[in-house]
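Just the one chain here, laid out as structure tokens, in the form predicted on its own.
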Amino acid sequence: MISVDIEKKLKTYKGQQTLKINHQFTEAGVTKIYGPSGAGKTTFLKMIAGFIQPEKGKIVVDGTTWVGTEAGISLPPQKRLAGFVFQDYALFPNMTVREHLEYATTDQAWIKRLLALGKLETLADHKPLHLSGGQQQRLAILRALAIKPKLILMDEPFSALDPEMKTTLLKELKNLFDELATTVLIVSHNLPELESLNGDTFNIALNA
């Protein structure tokens, strides 16, 4: 179970507003997160991952406090072991597709399986510059999965994929999430595209 009770001040075009989230997210399930542009969806994922700190509150995952502002607790990102799919992919320009996955795991059988899942087997020795936007996005997803995370945070992870690839990948990911018993939080502006992923929905909105 992921228990979140946090506050974070954000600067928006309407001035300073506060992101307040008090929610328990289902373990080993999918939660689809939506809300208006600028509502703090990406900030929320980054606070869970440890890249951004809330001003106030707690984040507790499986009984372990990842963030506790009153107690001065903030577990570093590398100890949270969450997979993160960045909206801008955040790939390493000098690493090949395979090297991105080897950076996260030494399990060659798992790497082979991920490459097949992402339809990137023939591009394993290519660097991001030589990949299309959709291929880069698929690599970003595979890299996040490489550590077999118990928690994966995905920020608009399918925006660059064509409908056929999106349908195929979502089916494969659903099976993989079930196999790994992964808790999945997905930010999306297009909830209908995630219809095949059974799960909860959660709306994020700012408070003035």
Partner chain sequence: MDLNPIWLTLRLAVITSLVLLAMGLPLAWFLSRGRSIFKILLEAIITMPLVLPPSVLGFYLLLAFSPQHGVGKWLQQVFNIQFVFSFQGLVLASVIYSMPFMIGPIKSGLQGLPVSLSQASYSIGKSKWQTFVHVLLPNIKPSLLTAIVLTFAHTLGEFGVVLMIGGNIPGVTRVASIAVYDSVEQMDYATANAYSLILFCITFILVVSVFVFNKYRLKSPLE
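Numbering follows the first chain given and starts at 1. These figures come from a predicted structure and were not determined experimentally.
The same protein has a further form, the form predicted in complex with its partner chain, not shown here; the description that follows concerns it.
Its partner chain isn't shown here, but in the model of the complex, which of 111-119, 94-102, 131-139, 67-75 has heavy atoms within 4.5 Å of it?
It is 94-102 that comes within 4.5 Å of the partner.
In the model of the complex, do 81, 90 and 143 all put a heavy atom within 4.5 Å of its partner chain?
Per the other structure, all of 81, 90 and 143 touch its partner chain.
May I ask you to state whether residue 147 is within 4.5 Å of its partner chain in the model of the complex, using heavy atom distances?
Residue 147 belongs to the contact set for its partner chain.
Can you check whether residue 58 is within 4.5 Å of its partner chain in the model of the complex, heavy atom basis?
Residue 58: no contact with its partner chain in the model of the complex.
4.5 Å heavy atom contact, residue 46 to its partner chain in the model of the complex:
Output for residue 46 is yes: heavy atoms within 4.5 Å of its partner chain.
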